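Only one chain is included here, represented as structure tokens and corresponding to the form predicted alone.
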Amino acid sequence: MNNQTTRISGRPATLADLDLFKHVEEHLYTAVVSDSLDELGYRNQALREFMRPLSPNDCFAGWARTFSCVDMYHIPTEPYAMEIAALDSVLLGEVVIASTAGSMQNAPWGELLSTAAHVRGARGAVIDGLVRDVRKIQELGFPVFARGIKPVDSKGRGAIIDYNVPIECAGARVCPGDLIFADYDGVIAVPAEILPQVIQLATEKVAKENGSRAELLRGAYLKDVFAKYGVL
């Protein structure tokens, strides 16, 4: 695993990127990544607590492909034009992460968008809003985090107005190319400029936690274990 992997905007994931994603998914977890961000002074990179997986085993890491959505109250001539362009822009190794400004008016994500993203090599989707076609998405095996579920279409209720731009998603600022990591505890956005340091710190902390856990299971007192490893 190459800790120096950095994002080059506008190109599909490389083998080094895929190795990084595998390392994050298999050896790290969002809590320890959040702790590492805290240590570096980035204390607002965890998305809000209402962002939950459609399936309990959903877990993914990948580069952010941002979508910016807004509410609307009329049906435009081409209601899906920007949505189609945004989906067709998704590259191998990316995570679709969509801001809706907290809207609960429509479900901008469903089965067909999941299918399109999945086939293009997306790692998953994070929707700060509602989704639909959940059974079909689960059957597809495409991991999605969202605020909730509602069966209504976005047509005439909301639209994508831009993509691959900085957004605020569920309380966290996300830029294209940031690392998005999601597991059952929630979703973390790691700014690209500090990614190597975060991965290094998180990997080191996991090793310390493994040592702490082993000694606690053998009956050691927490105060002694904490004095030795310095993690909780």
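Rigid core: the largest C-alpha set superposing within 1.5 Å between the two forms. Predicted model, so just to flag it, every value in this text is computed and none were measured. Counting begins at 1, following the sequence as shown.
Note that the form predicted together with another copy of the chain isn't included here; everything after this is about it.
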Option touching another copy of the chain, based on a heavy atom within 4.5 Å in the predicted bound form, out of E168, E26, E193, E204: E168
I'd like to know whether L92 contacts another copy of the chain in the predicted bound form, with contact meaning heavy atoms within 4.5 angstroms. no
Using a 4.5 Å heavy atom cut-off, state whether I97 contacts another copy of the chain in the predicted bound form. no
Would R11 count as a contact of another copy of the chain in the predicted bound form, using a 4.5 angstroms cut-off between non-hydrogen atoms? no
Is K22 close enough to touch another copy of the chain in the predicted bound form, meaning at least one heavy atom pair within 4.5 Å? no
In sequence order, which positions of 72-86 have a non-hydrogen atom within 4.5 Å of another copy of the chain in the predicted bound form? M72, Y73, H74, I75, P76, Y80, E83, I84
With a threshold of 2 Å on the C-alpha, tell me if E25 counts as moved between the shown form and the other one once the core is superposed. no
Using a superposition on the rigid core, decide whether the Cα position of L222 changes by 2 angstroms or more between the shown form and the other one. yes
